[in-house]
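What follows is one chain in structure tokens, specifically the form predicted alone.
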């Protein structure tokens, strides 16, 4: 993980009220469309997704349609779909078709279910819409030796095949990697990913590096947050908290609406049942909020 200068003084207990973030505007809407159900059990997954985790279940097409209608009245501009693994949801392609009628959509996937036939259908959906359809494929290494200990034996070749299938269908995914390997965020590490993608024929490779959140499976793998890794009122930047994604997004699950994609397993992250219930300020009292602030995390860009 990249070294950062801690906010505040970790040598002493930090004092002061927890700051709150206002919802500046509801621009981005997330759907935990795959719930916490996944065909992998990655050792760093911050929501501990796995084949047996039903903390959150699939979001139905009916629920998505209802929420899209409410979102239109609140000014939402773009839609993101995550999990678990979104393509385990049997209604996923129909959900994308419904979403593309109203706005751009992005799917975060592990790539294992991107068969040539599915990729051709997804490309057809994209071609038939005025809105963009984008994909982010997660991997954690530029070869099997670096990826598979994190994501599971044999997954590297399957992920690469999924990426290749998207490319063959005319779709250029963003590859998302975490800083689970210290090299990933370095210039040399990024170049190794770019080299991999260029070998697949992708002339303009796209890469996004994300920090680790020390919750869920990652807390078990590498340890939980330290007590000083929390935000306090004195940390509030002069420009406020508009750089945090929770100032412009909400996350829909099968059980209601959460403040963001990170805190769906935290009871304090649930804000209501409908979007209209979740427009109030949110208290930044979870250690993961510290990561978002210090690392400038934005899942959407």
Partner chain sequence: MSGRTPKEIREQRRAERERMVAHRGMATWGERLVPLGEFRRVAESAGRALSEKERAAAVATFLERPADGVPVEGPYRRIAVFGGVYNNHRALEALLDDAERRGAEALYCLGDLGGFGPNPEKVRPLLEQGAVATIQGNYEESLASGREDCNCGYTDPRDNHFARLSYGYTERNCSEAFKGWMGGLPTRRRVAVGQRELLLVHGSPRRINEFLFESATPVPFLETLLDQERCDAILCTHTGLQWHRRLPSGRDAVNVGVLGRPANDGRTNVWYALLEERELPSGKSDLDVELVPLAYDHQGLAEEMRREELPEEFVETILTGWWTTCLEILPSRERAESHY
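Residue numbers count along the first chain shown, from 1. The shown structure was predicted, so the numbers you read here are calculated from the model rather than taken from an experiment.
Form predicted together with the partner chain: not shown, discussed below.
S.K.: Can you tell me if residue 184 lies within 4.5 angstroms of the partner chain in the predicted bound form, counting non-hydrogen atoms only?
M.R.: Result no; residue 184 lies far from the partner chain in the predicted bound form.
S.K.: Taking the shortest heavy atom distance, is residue 117 within 4.5 Å of the partner chain in the predicted bound form?
M.R.: Residue 117 lies outside the contact set for the partner chain.
S.K.: Can residue 226 be called a contact residue for the partner chain in the predicted bound form at 4.5 Å between heavy atoms?
M.R.: Residue 226: no contact with the partner chain in the predicted bound form.
S.K.: Is residue 72 part of the interface with the partner chain in the predicted bound form - any heavy atom within 4.5 Å?
M.R.: Contact with the partner chain, yes.
S.K.: If contact means a heavy atom within 4.5 Å, which one of 160-168, 176-184, 73-81, 86-94 is the stretch that engages the partner chain in the predicted bound form?
M.R.: In short, 73-81.
S.K.: Of 264, 29, 64, 246, which residue is found within 4.5 angstroms of the partner chain in the predicted bound form when only non-hydrogen atoms are counted?
M.R.: In short, 264.
S.K.: Heavy atom within 4.5 Å of the partner chain in the predicted bound form: which residues of 43-60 meet that condition, in order?
M.R.: The stretch touches the partner through 43, 47, 48, 50, 51, 52, 53, 54, 55, 56, 57.
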